[in-house]
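Heads up, the chain below is alone and in the form predicted alone; it's given as structure tokens.
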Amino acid sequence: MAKKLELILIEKGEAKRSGEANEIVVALSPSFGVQQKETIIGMPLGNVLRELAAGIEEEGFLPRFVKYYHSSDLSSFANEAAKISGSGISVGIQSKGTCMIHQRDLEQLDNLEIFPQAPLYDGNVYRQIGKNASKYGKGEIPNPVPTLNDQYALAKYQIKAALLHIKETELVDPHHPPMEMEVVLKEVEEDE
């Protein structure tokens, strides 16, 4: 039996700008851990956050989890998260697994790295995304995270991605402020 991590998110209050230079804000989308509990390929979101956090911590930074409700658009909430991050760096992640590393002084549609092919990502990729985010936080220019490219992934997952985005967007509330989140990971048995 393989282990999976069940994700429990607990709101801790409204997220504000931080002065902690050694933090990376991990920006979560509206339905992250609520309507959606796993990525587009079935990887539990708890496992994804564990790998992102491990990568961030391996480079000497700390993850700070903030949930954004005002938009399901990755570039929007990743950009907002970078602005409140003490290091000026964020990792935005949608519940389907799509990610982006953003920086405070960049425009919304700019980014440091983007990872649009979530069906191809495993724990190693998410860990490397976390590591690179911390390296940017140190002022380094890391090599981009190596990822696969599959021309057929779009065709194979297009309908599922659209349905997941609709579910994501159902929870958008433009008046709800971003919230600090405590992340609790509970190990559970998973049938193989």
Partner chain sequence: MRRSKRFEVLENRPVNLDGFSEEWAEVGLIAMESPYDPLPSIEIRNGVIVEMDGKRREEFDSIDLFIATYGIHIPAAEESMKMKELEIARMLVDVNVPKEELIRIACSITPAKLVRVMSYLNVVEIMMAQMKMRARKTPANQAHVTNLADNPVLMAADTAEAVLRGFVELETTAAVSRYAPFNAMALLVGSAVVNRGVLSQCSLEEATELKLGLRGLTTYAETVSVYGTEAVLTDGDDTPWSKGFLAAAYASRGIKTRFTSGTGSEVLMGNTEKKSMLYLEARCMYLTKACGVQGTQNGSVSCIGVPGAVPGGFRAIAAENLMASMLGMEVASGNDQTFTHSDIRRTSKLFMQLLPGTDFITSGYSATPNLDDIFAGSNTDCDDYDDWYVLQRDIHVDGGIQPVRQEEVIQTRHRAAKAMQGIFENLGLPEISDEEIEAATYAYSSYDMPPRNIVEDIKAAEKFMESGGSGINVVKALYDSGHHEEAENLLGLLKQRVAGDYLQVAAIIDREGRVKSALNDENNYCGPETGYVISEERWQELSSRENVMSPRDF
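Residue numbers count along the first chain shown, from 1. Source: prediction; values computed, not measured.
This protein has a second form, the form predicted in complex with its partner chain, left out of what is shown; the following refers to that one.
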Stretch from 49-57, 123-131, 36-44, 145-153 whose residues place a heavy atom within 4.5 Å of its partner chain in the predicted complex: 145-153
Heavy atom of residue 98 within 4.5 Å of its partner chain in the predicted complex: no
Partner proximity in the predicted complex: residue 105 to its partner chain, non-hydrogen atom cutoff 4.5 Å: no
Close approach of residue 89 to its partner chain in the predicted complex, 4.5 Å, heavy atom: no
Proximity of residue 65 to its partner chain in the predicted complex, heavy atoms at 4.5 Å: no
Stretch 61-80 - residues with a heavy atom within 4.5 Å of its partner chain in the predicted complex: 71, 73
